[in-house]
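Next comes just one chain, in structure tokens: the form predicted on its own.
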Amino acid sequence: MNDDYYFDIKKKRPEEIYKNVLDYFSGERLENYANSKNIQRIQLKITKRAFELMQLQKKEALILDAGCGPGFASFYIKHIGYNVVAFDIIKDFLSYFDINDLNPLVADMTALPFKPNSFDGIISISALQWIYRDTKNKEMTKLFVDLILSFYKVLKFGSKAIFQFYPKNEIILEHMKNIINSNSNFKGGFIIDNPNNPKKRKIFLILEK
């Protein structure tokens, strides 16, 4: 695990400008995102890296794609031979799925509608920053606690949840670590790929039940 968190992004990101992810991803912006080959390529690369970090041993595993968007990660997961359940809070994203292949759900990451010990692994690509991005916001802290507890419940013992997301600075990571340690029995931490290259930097939170 990499504990050298020294970065601070000055440019405002969408989650700092828009209070709700539903306000940002709508209309033409949502359509452009869902049809972007560049975003698809980036998310495919991130998903492959997430599976490296998951170190999944089972050949027949059930994976949860949390905050699936238009399905870039979900279709890759199915392509490599795993069963996948996909969901997003933005229902318009789900219209980009072929329901003959995958039938996604509308759901909230902070209150997962699944039975305990259901999944062999969970991935979440580019979504967590919409849940927790302000260390002084008590409502966001509560939502993050709810998310952690919800993910812990639906994971099988010995399984991992892998989040790739875009925190603004290392202070947020420290607060997240403290919240996780204080409110759950998850083990894990952060891995930062290309930590000294802002354009290529990718941050992953790995949690094992």
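Everything quoted here is computed from the prediction, not taken from an experiment. From 1 onward, residues are counted along the sequence shown.
Just so it is clear, the following notes concern the form predicted in complex with a small molecule, a form of the same protein that is not shown.
Full three-residue contact with the small molecule in the predicted complex, heavy atom 4.5 Å, for Gly121, Ser150 and Leu207: No, the candidate spot makes no contact with the small molecule.
Does Asn117 reach the small molecule in the predicted complex if we count a contact as any heavy atom within 4.5 Å? Taking the distances in the predicted complex, the answer for Asn117 is no, it never comes within 4.5 Å of the small molecule.
Asp108 versus the small molecule, in the predicted complex: is there a non-hydrogen atom within 4.5 Å? Yes, Asp108 is a contact residue.
Given that the partner is absent here, does Phe75 sit within 4.5 Å of the small molecule in the predicted complex, heavy atoms only? Outside the cut-off, so no.
Tell me, yes or no, whether Phe186 is in contact with the small molecule in the predicted complex, where a contact means a heavy atom of each within 4.5 Å. No - in the predicted complex, heavy atoms of Phe186 and the small molecule never come within 4.5 Å of each other.
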